[in-house]
Ligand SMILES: C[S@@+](CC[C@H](N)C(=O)[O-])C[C@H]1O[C@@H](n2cnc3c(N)ncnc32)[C@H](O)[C@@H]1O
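Before any questions on how it binds or moves, here is one chain, the form predicted alone, in structure tokens.
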Amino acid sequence: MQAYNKGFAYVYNWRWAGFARQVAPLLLDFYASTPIGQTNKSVLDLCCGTGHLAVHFLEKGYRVVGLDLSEHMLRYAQENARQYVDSGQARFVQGDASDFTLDERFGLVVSTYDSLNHLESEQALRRCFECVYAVSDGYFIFDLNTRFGLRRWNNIFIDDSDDDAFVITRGVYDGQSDKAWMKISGFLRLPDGLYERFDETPFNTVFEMEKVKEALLDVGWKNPYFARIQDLKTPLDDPEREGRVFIVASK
């Protein structure tokens, strides 16, 4: 799994926190409506990034552990959730989503913003499912980009809306391969007024949705299904027709 560099973490924290803020209330509402969600207010935010989703749950009184491979992402998460870290309500740990253990269990495990597409293979994804199963007492909810959805990566976007950063994203996916790539580069303004260049090339692995479901069942997860974030209770008939799907599984 990729561990993002300092420049990418800065841009992610600054420009791309909106997705976490959008989906967090919907995830919380779904979980709070379940029987276990009535009493168990513990959350593992897997691939927590800069911690914005975690903060939403923390603000609602949940105890949260965030896990991410990137030390730079975790540094922002620590700062964004500083008051909750200091009080002991939150902690953030460095680890690989496909190879981790924790000494506690959680009512809800979430992983968002297609983080698990960044695992390199079906085997790594299955190992992730096993790791999560070992620390879960309730629900596992995560999202994936589909093959159909990754076609949107074929574009170039320039963001020069702020003097402190200049960001270019260039996506490549041919619609057939098992990987889609996005080159993200730009310049960050330093305190002395000079600019520092950064480059990052994240990939998405293309997973067939039916194989994802089979892997979850093989590991022991019950009743996995695909849904849209706007309605996590209603299974989709054909998830491959969606650009992004959320997968809901329970213990």
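Bear in mind that the values here come from a model prediction, so they are computed numbers and not experimental data. Residue numbers run from 1 along the displayed sequence.
Below, we turn to the form predicted in complex with the named molecule, even though it does not appear here.
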- Task: Give a yes or no on whether every one of L125, T146 and E208 sits within 4.5 angstroms of the named molecule in the predicted bound form by heavy atom.
- Result: no
- Answer for L232 alone: is it within 4.5 Å of the named molecule in the predicted bound form, judged on heavy atom distances? no
- Query: Using heavy atoms and a 4.5 Å limit, would one call V43 a contact residue for the named molecule in the predicted bound form?
  - Reply: no
- Task: Look up in the predicted bound form whether Y10 has a non-hydrogen atom within 4.5 angstroms of the named molecule, and give yes or no.
- Result: no
- Item | in the predicted bound form, F166 touching the named molecule (heavy atom, 4.5 Å) | no
- Message: I need to confirm a contact call. Of A97, L150, A81, V109, which residue comes within 4.5 Å of the named molecule in the predicted bound form, counting heavy atoms only?
- Response: A97
- Item | A90, A77, V132, L119 - the one with a heavy atom within 4.5 Å of the named molecule in the predicted bound form | L119
- Item | Partner-facing stretch of 111-119, 82-90, 176-184, 156-164, counted where any non-hydrogen atom is within 4.5 angstroms of the named molecule in the predicted bound form | 111-119
- Query: Even though the chain is shown alone, can you say which residues of 69-88 have a heavy atom within 4.5 Å of the named molecule in the predicted bound form?
  - Reply: L69, S70, M73
